[in-house]
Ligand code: GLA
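Given next, in structure tokens, is a single chain: the form predicted on its own.
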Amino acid sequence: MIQFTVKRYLNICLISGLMAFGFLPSPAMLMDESLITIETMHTALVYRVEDSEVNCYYFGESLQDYEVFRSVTTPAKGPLISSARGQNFNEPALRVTHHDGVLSTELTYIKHETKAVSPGVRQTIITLKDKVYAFWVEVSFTAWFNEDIISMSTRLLNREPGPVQLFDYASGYLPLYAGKYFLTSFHGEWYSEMNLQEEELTRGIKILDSRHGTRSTHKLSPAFILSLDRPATETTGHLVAGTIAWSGNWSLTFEKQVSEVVHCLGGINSEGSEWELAPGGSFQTPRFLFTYSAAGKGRASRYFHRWARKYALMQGERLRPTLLNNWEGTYFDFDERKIEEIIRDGSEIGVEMFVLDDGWFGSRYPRDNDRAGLGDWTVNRKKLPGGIGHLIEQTHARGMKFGIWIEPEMVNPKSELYERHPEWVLQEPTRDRYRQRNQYVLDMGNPSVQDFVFGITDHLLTEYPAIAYIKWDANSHFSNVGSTVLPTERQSYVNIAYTQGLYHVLDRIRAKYPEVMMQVCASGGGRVDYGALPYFHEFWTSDDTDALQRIFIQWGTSHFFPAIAMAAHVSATPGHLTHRVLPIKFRFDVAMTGRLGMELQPGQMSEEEKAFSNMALKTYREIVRPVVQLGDLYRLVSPYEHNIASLMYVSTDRRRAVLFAYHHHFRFGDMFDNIRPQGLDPTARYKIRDINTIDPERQKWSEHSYTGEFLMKHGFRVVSSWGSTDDPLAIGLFGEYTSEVVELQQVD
């Protein structure tokens, strides 16, 4: 293990700053040309050119000396890209059939180039070519130095005299070496997203993948953590964390054979996605994003969060507003008067935005349920005689912004759109047309459909420029994978063409409307991926707003995605499907760990609940929001391992922090270790107070202050069955569904 000294840290900061602005060449350029180094502040990936082949020699913590790899004689872990046939007997990252039917590909090194893309961001492109054929592969790495994230993708170029058939074309390939491997993956489905599971990899192949088309994260997430040698904890262990930035079908493969090397591949799921590359054509794969942590899962999460806020979210460093959505309060059953009352009630408790959900459209086929109207984006004047403009006026008059729900990629059979254009839906001519939620999926690979979908948003925002927020939903996955605009021999293009078409539409929307907030939703958390998120400000984490289950859903989601993007709403109780009755404080305390919103309608509250909601929303806006949305996350006590859960957020300057604790399952006699904060300045002193409490007397600063070192080593005592919580270092979790929120603030 190389010791990370203060001197080395300062040298890295100085050199990286000069490199980022182009005053110094990259490390690879400074050293022998046989070495190719992709480096961030704490991570390095080292390749070496040997006999015209590029092999991976190192992936791990940054080193002081890379030149040593010129003389390393131990075998390489693996090639830059593992291609099919030849001497490779592992799962290939690249499998093609050349124009003359030859199945093997043997790549040789041509050149590499490293350049500054922007301050702190460098790109390295390594160019390879087949030994015989005019088939080229450009492997591109982007390294975000300060955020410790690296991306890998490939561009395939056909310069052969005939077409090349692409069968496997992974974005990235990493050969990893350790004694043992422990894979953490994230599984779930509607109402139960992002559940953690961990398993040791044994000999053979482990595949995680999706074939759902629109809903890229419906069953499994394209994200993983691979712990090396032993299972990593939040604060200890070496690991690789990675994900695929793609909103369609994806695949992650982990192969462990006779050697201790694990071959990790990630990219588009090639099953049913064969692609013909015409002479002169090229194909660009999506980004495979990854990081390396030598200090557990928490550090890897913070790397991804910091990177996402700065580079992967729309306006990711701008605070998000609180909002009230009418869906759980009304579903399809509303009229203008009812919506006006909800707007009025929302303003009285202090939300900043009202969002009108499904059911506002359809003339000939009114959207009064999920069986009709989808695709006909005209206002239902029977429900809303004053139209959208009237509701916007009502919202603005009460000091709030206005948002609206759309589902532009789908259509009901009972709609004017489907009657006019049945050929626009995905379909197979010899098969029945399968439906989910009484709807079909429009063919986003069809240019006419792309124009129509763009036109939905464009018309709304042109006619009603005061719309500040769009909830973009997608409630169906692929069933009939076929297109009327593609020839018979190109039907395997459908999966990829759909996602490319979606991105094309979103590019057009963002070019014209960069300031409109947008949420990505797909039956809840069915499209939570870094392919979609650059177009959106946030995602709908799950249709399950039950606070108890949200503890687990949000815990899993937080491993890769920041709180600012995680929509978390206070629901009605009893819950929609759980029928569970939960205290309003518990519901707010859970929702405050994301972008706070409400499904619970103020008109259905008691006066006491309204008063608490008003206070909680104010507390969130003034105290919690800046820390949670822009700060660093530390997961302290896992709900998977204990009957309590705790997490905290710390501002980047470490002057403020907010700690959350929940008692999600009560067993009499349970004893808990102290909850120990993390991320504080050890030398600074902090004062403490309970916030978001029903008892105003508890919202007082502690008489004493404590050093960050003391708080992180001593922690907060959990009082769960008996005892006093008068001690500011005690957290009272008396029974099931109790919770506490603690603010920590530096004393000047």
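Treat the numbers as computed from the prediction; the structure is a model and nothing was measured. All residue numbers are counted from 1 along the displayed sequence.
What follows is about the form predicted together with the named molecule, which we do not show.
Annotated contact segment (heavy atom within 4.5 Å of the named molecule in the predicted complex): 516-524, selected among 310-318, 376-384, 641-649, 516-524. In the predicted complex, none of the heavy atoms of D168 sits within 4.5 Å of a heavy atom of the named molecule. Residue contact check for D358: one or more of its heavy atoms lie within 4.5 Å of the named molecule in the predicted complex. Although the partner is absent here, R437 lies within 4.5 Å of the named molecule in the predicted complex, judged by heavy atoms. Shown alone here, D148 lies farther than 4.5 Å from the named molecule in the predicted complex, counting heavy atoms only.
For the residues D632, D473, D546, D443, the 4.5 Å heavy atom test against the named molecule in the predicted complex is passed only by D473. Between the options Y109, F454, Y535, W327, the residue in contact with the named molecule in the predicted complex by a heavy atom within 4.5 angstroms is W327.
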